[in-house]
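In the block that follows, a single chain appears as structure tokens, in the form predicted on its own.
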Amino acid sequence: MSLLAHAPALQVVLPLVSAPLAVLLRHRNAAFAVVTAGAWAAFAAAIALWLQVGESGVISYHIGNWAPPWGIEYRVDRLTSFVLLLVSGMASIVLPYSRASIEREIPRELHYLYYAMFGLCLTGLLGMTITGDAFNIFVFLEISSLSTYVLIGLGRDRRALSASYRYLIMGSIGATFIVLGIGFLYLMTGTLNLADMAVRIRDIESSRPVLAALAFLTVGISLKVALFPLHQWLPNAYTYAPSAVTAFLAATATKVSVYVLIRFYFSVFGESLVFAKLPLPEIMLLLSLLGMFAANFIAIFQDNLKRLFAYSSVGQIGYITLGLSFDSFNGLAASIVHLFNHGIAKGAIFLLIGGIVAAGAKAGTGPLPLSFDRLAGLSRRMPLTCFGIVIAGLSLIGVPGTAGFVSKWYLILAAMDKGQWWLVAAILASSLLAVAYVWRFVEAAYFRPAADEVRREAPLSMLLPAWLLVLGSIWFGLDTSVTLGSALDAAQHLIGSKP
């Protein structure tokens, strides 16, 4: 049997094996090489799976040749392969960037541990995405979460520890809700295989245990998504974590959680229960709008650049969940494509911010504050970094020609399909708030007198990965065949037909 036939398993196994190897080697260069090789191999497997799904349809891989529902199944459809591309692709970009970045932000004796935890986090995110087993979702969720707590706490800033602890508490509450929901589903269906569960749940979908499972899963996953107002862990975690960690988490972790929510809503419970018999669409619509406006508004008044874009992430998550609340083809497609488009734009911004930290701090002294007073006139010293942040910021706003425009255009189409013109106005108005917080950086970097502090461009090894994502934000705004094409195919598979 060819190696390609085992690509679903290799997707998870290779990063998983790289993590303990990094610990055993206990050398930062060797750990970097091993974990990066595992991430690149996982990315190659993700590309192969995406192409294979496009040609032959859904892939069902049986672990140990035990056929589901008795055995554990890895199931890859268009949505799964698309999210695998995002997660493994971001890891492949962030890891080379990390080599120079963590020199400034993590003590050298902990570098090997950083790579080991990164490998485990990648394993958990990929496993959550590809598994077709409900309990395995919880297992991989815990793998990714526990490693994330360590990654956040590795920074030199002692506030990273309190941010990690807050995330641990809230993340544990979310995980408890999720495992309770899975337990109720197993109690009622007698299976943990998601596809088999979807079939068995049809006859009992209105029973109280099933409704309780839906409630527990919605709240637990929403905590991991950082859906407003369950976002309290996110701003500090993103602000005080090492820059490479922030970039990877912002681009992938919340996106995988949204993917899990979509998978349970559309593939397990079904539209009729989630959107027709319960008031979930109205609740999600309200919380999405609160996130879009409140979080974006709070972002405007932040004095720390990293914290500003952390609150921006909460607002952008509102756009993703807003698409789900429409329960329509265009709305679901908008949510799926925004997973990718926001991931690459926000990943680019946090990588570039890490470049500012690296350029302003000598190795071993720790990061400097990212207040706007310290960023005055920065464009004259770091023109490539500042211009990259502006371009990625335009994607967050949704300016035509950027990837973010594609997402917001389909959100607007979904609102117009429903005849909800007030929502079209709300989407445009919230985008003006994004203009305001991006402008704060532009005003400080381009229009204020230069600060006394001397900064130069970040090392090329940090600029190149960041600019690869910046260019991606433009490319995927002009050529939507991969991103929007995958999102439309996934939406058609989940909902059944185009409008």
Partner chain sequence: MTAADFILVALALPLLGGLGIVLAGKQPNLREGVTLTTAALLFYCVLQLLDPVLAGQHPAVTLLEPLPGLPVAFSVEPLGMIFALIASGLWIVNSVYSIGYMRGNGEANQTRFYLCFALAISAALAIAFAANLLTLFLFYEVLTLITYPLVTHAGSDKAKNGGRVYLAILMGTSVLFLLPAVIFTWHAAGTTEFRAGGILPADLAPATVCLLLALFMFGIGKAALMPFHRWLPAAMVAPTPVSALLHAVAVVKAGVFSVLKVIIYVFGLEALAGATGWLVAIAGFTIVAASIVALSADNLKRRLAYSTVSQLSYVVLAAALLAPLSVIGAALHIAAHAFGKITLFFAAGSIYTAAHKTEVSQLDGIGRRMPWTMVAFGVGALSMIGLPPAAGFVSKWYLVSGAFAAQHWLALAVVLASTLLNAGYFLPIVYRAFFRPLSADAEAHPHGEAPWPIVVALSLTAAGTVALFFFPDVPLALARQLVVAP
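In this text the structure is predicted, and so the values were computed from the model without any measurement. Residue numbers count along the first chain shown, from 1.
Quick note: we don't show the form predicted together with its partner chain, though the next part is all about it.
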Verify the flagged residues Val399, Trp421 and Thr480 against its partner chain in the predicted complex: is each one within 4.5 Å by a non-hydrogen atom?
yes
Which of 141 to 149, 346 to 354, 421 to 429, 118 to 126 lines the interface with its partner chain in the predicted complex (heavy atom within 4.5 Å)
421 to 429
Quick one: of Ala160, Leu95, Ile412, Leu285, which gets a non-hydrogen atom within 4.5 angstroms of its partner chain in the predicted complex?
Ile412
Let me know the one among Leu21, Leu484, Leu16, Leu10 whose heavy atoms come within 4.5 Å of its partner chain in the predicted complex, would you?
Leu484
Check whether Ala294 has any heavy atom within 4.5 Å of a heavy atom of its partner chain in the predicted complex, and answer yes or no.
no
Residue contact check: Leu394 to its partner chain in the predicted complex, 4.5 Å heavy atom
yes
Heavy atom to heavy atom, is Glu205 within 4.5 Å of its partner chain in the predicted complex?
no
is_contact(Phe447, its partner chain) in the predicted complex, heavy atom dist at most 4.5 Å
yes
